[in-house]
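Okay, so here's just one chain, in structure tokens, the form predicted alone.
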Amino acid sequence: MTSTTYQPETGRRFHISTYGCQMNLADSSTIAQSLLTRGYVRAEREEDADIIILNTCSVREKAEDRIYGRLGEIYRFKKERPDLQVAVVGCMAQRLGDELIRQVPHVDFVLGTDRQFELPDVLEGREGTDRVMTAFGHEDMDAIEPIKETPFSGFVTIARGCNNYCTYCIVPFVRGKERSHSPDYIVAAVRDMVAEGVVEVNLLGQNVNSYHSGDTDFADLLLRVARETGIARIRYMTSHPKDCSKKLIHAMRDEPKILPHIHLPIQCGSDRVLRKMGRFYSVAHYLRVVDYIKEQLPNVALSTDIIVGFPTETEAEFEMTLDAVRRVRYDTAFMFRYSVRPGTLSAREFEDDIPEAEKIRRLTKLIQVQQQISYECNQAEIGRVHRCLVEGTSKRSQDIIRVRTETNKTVLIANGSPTIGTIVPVQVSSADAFTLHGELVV
């Protein structure tokens, strides 16, 4: 969960807490901007706010449990100030709708993923609005403006929704079918960000490499953004292995502004389980894609998502996942044990037959294997010089500067005081499994 804090000025004050992915962070920024343009102001703390907004995630049960817990804590504010308004927006709001208010009566508004940007109208009771709004088909894509994450970096949502319907995933049901911005809109948005001082942009979508608008595919879009704007660095996420084309990889190879990091979820190392997941690629195909990426982009960093304990997964199939992880050697991985998500195909069709203790055992073993690989990958970084974006100071010390490599790795440096938002050369001097340490090259 990321908490966005704001300095109050005048008018009604709001506070947004964001749970989940970068798409949710971008959505929260858009909601905040729409409120600011209506005269609302930002509150530094929840207890100082007139409106508390939770932008929610529904991907895993744990995420929803955290939101329920937070709503319980907010209840004490509501008891003290009955005029306080509480809004739940985003994926969990979309999934539960009216049920959320029945479970948590002190929630005032529930706005799904297509309706969350109408929050100012809902707060003001404008005609056509209601406490609960979850119907699809009301979203205005062009009203979802690109948002600066920091003074020097920004998110541009290029597509929303998903057409893949992986059996374990709730996203297509809570975000709807895939729809895209036009390339002209995206290029203009990046130009505007550059004019405001942004040097790095992250193009977002549930599956960016299935992007298509007219004759423009994702590789074409990346090259247009690189060549028709003054942006210095371009990132993107998330990719689907079935859509990771040679054309896309060649665009990354040929255009240095497109940074060499690819998040490519494998999910499992068993073809049988992948079919049950609705992933529609084989492990052999996935490995061929990875081999071609590494051939064309020798300095690439790869990250992934993996689920263990999917229904009917055997011990031998879990070992296949470990074998795939050892074969690919990911720099980082997001690893989870399977949990039933109501509303998904797997929840309806498959029995959750792997005991929880066994899921935890498998996840623990996977994490151990991946942490060792991450450590070895980071050790190989020692001595390398990266062009790094200066992001700020370390959370632990104001004397330590935090920068980010082209390959999306954090480096902590203790020498020099480079300006935040600039790109500087940094040589890696030491590393553990999670963080690099280095020195500013002067």
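All values reported here derive from a predicted model rather than from experimental measurement. Just count from 1 along the sequence shown to find any residue number.
The form predicted in complex with a small molecule exists for this protein as well; it is not shown, and the discussion that follows is about that form.
- Although the partner is absent here, D352 lies well away from the small molecule in the predicted bound form, with no heavy atom inside 4.5 Å.
- Using a 4.5 angstroms limit between non-hydrogen atoms, I307 touches the small molecule in the predicted bound form.
- Proximity of R341 to the small molecule in the predicted bound form: non-hydrogen atoms within 4.5 Å are present.
- Within this chain, C169 lines the site of the small molecule in the predicted bound form, having a heavy atom no more than 4.5 Å away.
- Among the residues A43, C377, V411, V59, the one placing a heavy atom within 4.5 Å of the small molecule in the predicted bound form is V59.
- Residue in contact with the small molecule in the predicted bound form (any heavy atom within 4.5 Å), chosen from R337, R233, H181, K276: R337.
- The stretch from 115-123, 191-199, 290-298, 264-272 that comes within 4.5 Å of the small molecule in the predicted bound form, counting heavy atoms only, is 264-272.
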